[in-house]
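Single chain ahead, by itself, as structure tokens, in the form predicted on its own.
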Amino acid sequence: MQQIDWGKLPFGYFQTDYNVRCYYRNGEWGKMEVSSSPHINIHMAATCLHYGQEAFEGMKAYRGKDGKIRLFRWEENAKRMQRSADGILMSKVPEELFHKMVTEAVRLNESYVPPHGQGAALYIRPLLIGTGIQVGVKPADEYLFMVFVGPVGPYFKEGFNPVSMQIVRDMDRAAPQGTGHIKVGGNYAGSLRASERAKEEGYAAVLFLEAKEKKYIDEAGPANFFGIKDNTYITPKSDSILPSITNMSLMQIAEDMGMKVERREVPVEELETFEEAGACGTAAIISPIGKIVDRESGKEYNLSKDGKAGPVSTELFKKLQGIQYGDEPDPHGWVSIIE
């Protein structure tokens, strides 16, 4: 194993020793297979290549001060992957198989789980693809579920410092009653042009509006949005937003802290009233937002007075990360230790 500078890890692909795989054929899931190859062999007419039958999850494993490795709310990832499979007519991965394969992928690559206190974690990528052959537009009859892992650092290079985001109105991430609420690759493909343009123009990420009326905040390209004001945690409600497990957890922690929680439509104009705002998801946990600029009108919304993360966002971040690493109590039973 190569020497790793744990404190300087980017968020990107990192080759580890093993991955695990399982095929769905003849109406049933087969046995888990272990592979040391990062490559897969699929037919050129596989439905994942032509018709977008592909879904994935993002999870992390954390090493605590006690040296034990923890998974965070894996059941929610398993359920969300089942909803994604259902949404584009793929065979659903049973929860037991999902857990077995995720756990085994972590165990096999235990030496790549970063030490406690480095601000890093082991990223876990479960992936489900249609491998069956179809030329007509219809679901495959064969699927491949695989899990690979790799150590990662912060998603945004700024770490836990405020980033700038850009509101776009000339592109949409997902349509109403489309696939925005499930974690499938097409949603991310649809966000790439806007995201790359925003980065070229000096922003960390895009803030998409709902596609129907362009009046309400939907979500950031890689994460959910939340705002803080009047001791209230506010996050958008929309059928085209991916339900973030991190956001779900932050809402509970906010309630535990004595805050009010509102999940509702958030008009763009309301940005002026927020004391703090952030983007949240597995990759970033929380990325505080310092400034949001509407690309069309040029209007700026400043959400950080001193260039630092706000006190509420900071407390939410510390409490959630503390639970994930085993440094804080886990009152809701979110963490499971890999034995």
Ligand code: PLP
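Predicted model, so just to flag it, every value in this text is computed and none were measured. Quick note: we count residues from 1 along the sequence shown, nothing fancier.
Missing here is the form predicted in complex with pyridoxal-5'-phosphate; even so, the following discussion is about that form.
Colleague: I'd like to check something about residue 183: if you look in the predicted bound form, is any of its heavy atoms closer than or equal to 4.5 Å to a heavy atom of pyridoxal-5'-phosphate?
Modeller: Yes, contact at 4.5 Å.
Colleague: Using heavy atoms and a 4.5 Å limit, would one call residue 280 a contact residue for pyridoxal-5'-phosphate in the predicted bound form?
Modeller: Residue 280 belongs to the contact set for pyridoxal-5'-phosphate.
Colleague: Evaluate residue 221 for contact with pyridoxal-5'-phosphate in the predicted bound form, applying a 4.5 angstroms cut-off between non-hydrogen atoms, and reply yes or no.
Modeller: Within the cut-off, so yes.
Colleague: Does residue 109 reach pyridoxal-5'-phosphate in the predicted bound form, with heavy atoms at most 4.5 Å apart?
Modeller: Residue-level check for residue 109: no, no contact with pyridoxal-5'-phosphate.
Colleague: Counting any non-hydrogen atom inside 4.5 Å, which residue from 116, 80, 263, 100 sits next to pyridoxal-5'-phosphate in the predicted bound form?
Modeller: Here the answer is residue option 80.
Colleague: pyridoxal-5'-phosphate isn't shown here, but in the predicted bound form which of 244, 84, 131, 238 has a heavy atom within 4.5 Å of it?
Modeller: Going through each option in turn, the one that passes is 244.
Colleague: Looking at 101-109, 223-231, 251-259, 135-143, which one sits within 4.5 Å of pyridoxal-5'-phosphate in the predicted bound form if you count heavy atoms only?
Modeller: Only one stretch qualifies here: 223-231.
Colleague: Using the arrangement in the predicted bound form, list in sequence order the residues of 172-198 with any heavy atom within 4.5 angstroms of pyridoxal-5'-phosphate.
Modeller: In sequence order, 173, 183, 188 come within 4.5 Å of the partner.
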